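Taking the form predicted alone, here's one chain by itself in structure tokens.
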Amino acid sequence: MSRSYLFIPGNTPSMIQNLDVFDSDVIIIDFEDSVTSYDKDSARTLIKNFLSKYSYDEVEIFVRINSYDSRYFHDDINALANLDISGYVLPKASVKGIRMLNKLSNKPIIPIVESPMALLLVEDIAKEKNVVALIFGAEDYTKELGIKRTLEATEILYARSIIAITANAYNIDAIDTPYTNKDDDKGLLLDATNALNLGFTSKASIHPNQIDIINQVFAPSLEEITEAKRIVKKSEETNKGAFSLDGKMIDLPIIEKAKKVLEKAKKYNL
């Protein structure tokens, strides 16, 4: 039910010590792409020491570990053992990788779907134990296809749609790919809105300056909240699975959707 996921490098003390001031619903501490091979040990030590001393109630903390087939995977898991984190973000999503991680931990997992093969197997990935969300990784996905990323994002429309549909079908969160131009607020707003309209429930980001716009887009609007209240109220009054409201038929899926809107509004004091 989160709106925003902010990646921050695991080897940057200035960002780590301020992780609760970025207004992102979820912080993803990164051990993978943003940490070079010679700095991975330092990142693990930094995070282990920091999170063993501090805990947070207002923000969820996930850690993007290295892929299951890398030489860093087990060291990452060992460093995070017994720390108060919400779960793991697993790059290069695969059923094999998820099952290996599940053998070592029972925490929530958010796989990153970032390859054509992962997209073909996305339903199998979504069904695995402890998977609570899917993240779309458009940069690696388009790199593997050998195609360019564009502002219009037509090249990722199919992949976005499949991931959002699959996540919604299995009642887990659908997290859209980051918008990589940190200085283009107008482009970010359009990109996030397009993702919302495809069925994504939230969006990842690479810079704190993007969080306000993402939170705004993925929070229920006042109009949506008002309509949801009317639907839930009428449902409780009629005690029926289907009824008419303003000439429109309201059935169970719409009622459940309205309840989710109100849950999200309550969570973020809207």
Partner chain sequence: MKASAGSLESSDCLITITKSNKLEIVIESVVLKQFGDQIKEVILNTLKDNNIAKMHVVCLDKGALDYTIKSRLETAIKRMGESHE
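As the structure is a computational prediction, the values presented were derived from the model and not from experiment. Numbering follows the first chain given and starts at 1.
Below, we turn to the form predicted together with the partner chain, even though it does not appear here.
Of the stretches 46 to 54, 233 to 241, 217 to 225, 64 to 72, only 46 to 54 has residues with a heavy atom within 4.5 Å of the partner chain in the model of the complex. In the model of the complex, at least one heavy atom of residue 13 sits within 4.5 Å of a heavy atom of the partner chain.
Taking non-hydrogen atoms only, residue 60 never approaches the partner chain to within 4.5 angstroms in the model of the complex. In the model of the complex, residue 33 stays away from the partner chain, with no heavy atom inside 4.5 Å.
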